[in-house]
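There is one chain below, alone, in structure tokens, taken in the form predicted alone.
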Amino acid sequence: MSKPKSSETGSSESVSILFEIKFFFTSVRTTIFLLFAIAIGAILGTVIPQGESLDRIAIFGNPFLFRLAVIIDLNNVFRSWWFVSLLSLLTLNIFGCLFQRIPLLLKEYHSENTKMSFLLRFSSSLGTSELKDQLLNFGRSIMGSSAEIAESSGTVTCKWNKQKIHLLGFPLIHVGIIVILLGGLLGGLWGYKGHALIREGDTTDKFTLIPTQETQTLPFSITVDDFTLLKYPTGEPKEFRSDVRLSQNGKDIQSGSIRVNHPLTYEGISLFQADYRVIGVKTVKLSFKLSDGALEEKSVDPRQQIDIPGSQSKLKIRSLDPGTVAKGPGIQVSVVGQTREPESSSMYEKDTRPMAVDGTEIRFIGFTPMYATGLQIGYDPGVYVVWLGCSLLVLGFILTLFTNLQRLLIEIKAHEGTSIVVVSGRSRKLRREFRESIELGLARLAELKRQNHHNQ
């Protein structure tokens, strides 16, 4: 009876799958593909309005495209499941490339890599001891440091290593990219962005999330003390600023002004000036010219009824037109008194004709609008992680660009009354220049030796 043959198909398939996974996460092709896919996602996130509700996006009214937008979160690309997945895969891919390269870097750091860029061989009639001193001085002049000397079996080995810190550039760049990606993932998964519309003088700790429009609560309250709007002569907004106070448990914890591109940040939560709205009238400015010629100007609360100077009547502002007619802004008022019937009238800023009440002339001069400031609220827990990654990335590039690992190895061996010298070297950058400097130095050393011999 023949023995049953053992099958290794399952084992081979497992090894093959593991190899494919390893190849995927350590391949440069994977890195290029993921970077290309992330670039496409970033373009979509830039072109398509983000933070809008899907009902407002409605792509050309096509039901298929609309369902596709819902599935892949086109209105929230940078926090969508597929964009976060791409960032995660890129992080794992760069980590795999780094992990695969670390053993080689460690071998290089400990000078275990014997691969050299060039090798020069020559013989000399000098003894090994005398030749050793000359070559040590030569190597010190080239490399700028003392050599590691080892003697074994009649062979003297002199080894120089220059700027080994250059080897840290590659891992620092990769670690920096990984840290930046992790910071982006932290911000995408646990950060948030919202909007709050706060009236001057009001206080709130509520805001609405973008794009879900859910109401959330801040760990502090925001009080808008003042809102300032500056305009160009053309009437276009020049600058708008919100003066706010932040309070917690009834105590003020921070205050400051928020302008465009000048946010206010507390405990990682940033408040940005986003927009503003006119929601009412703060004061209305009126002038009163009495019967004796005296002139008074008053800024009145449009919600209150006021006494008319020089008269027993009272005035109440019923409505305000912000300037939709050729006469400019205007108000409609009602006048009531004990000796007169209630009457209504309209006054406009550009109309010089006054309204007369019991000998007092009333003119509308203007109004101060009541604003509500729109603040964008953002929290990104990964921002400091990203800054750390950027610092590591910059440091890695500095080491890579401005340092250069160089190795010089000189072996001297006595052979039949002569000395055999083998000079080899390696340079990460400027390899030809490094070799030429070695060859030129050896040629000068040989020329100096001939001149000394001739003088003797």
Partner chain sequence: MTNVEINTYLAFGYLGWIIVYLITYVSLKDRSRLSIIFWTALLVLWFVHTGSIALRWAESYWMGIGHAPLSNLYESLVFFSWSVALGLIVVWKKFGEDLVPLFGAPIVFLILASTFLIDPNIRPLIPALQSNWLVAHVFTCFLGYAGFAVSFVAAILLLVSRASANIASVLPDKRLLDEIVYRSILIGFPLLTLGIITGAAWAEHAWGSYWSWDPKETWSLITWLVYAGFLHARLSRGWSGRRTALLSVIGFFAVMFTYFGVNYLPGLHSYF
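Model, not experiment: these values are computed from the prediction. Residue numbers count along the first chain shown, from 1.
If you look for the form predicted in complex with its partner chain, you will not find it shown, but the lines that follow are about it.
Judged by heavy atoms within 4.5 Å of its partner chain in the model of the complex, the contact stretch among the candidates 300 to 308, 314 to 322, 169 to 177, 277 to 285 is 169 to 177. Residues Thr46, Gln376 and Leu393 are all found to lie within 4.5 Å of its partner chain in the model of the complex, as judged by heavy atom distances. Residue-level contacts in the model of the complex: of Lys238, Lys206, Lys107, Arg140, one residue has a heavy atom within 4.5 Å of its partner chain, and it is Lys238.
Among Glu20, Glu447, Glu433, Glu439, the residue placing a heavy atom within 4.5 Å of its partner chain in the model of the complex is Glu433. At a distance threshold of 4.5 angstroms between non-hydrogen atoms, Gln273 is in contact with its partner chain in the model of the complex. Remark: Asp380 counts among the residues lining its partner chain in the model of the complex, judged by a heavy atom distance of 4.5 Å or less. At a distance threshold of 4.5 angstroms between non-hydrogen atoms, Tyr232 is in contact with its partner chain in the model of the complex.
The closest non-hydrogen atom of Lys193 lies within 4.5 Å of its partner chain in the model of the complex. Shown here without its partner chain, the chain has Phe397, Leu401 in 397 to 421 lying with a heavy atom within 4.5 Å of that partner in the model of the complex.
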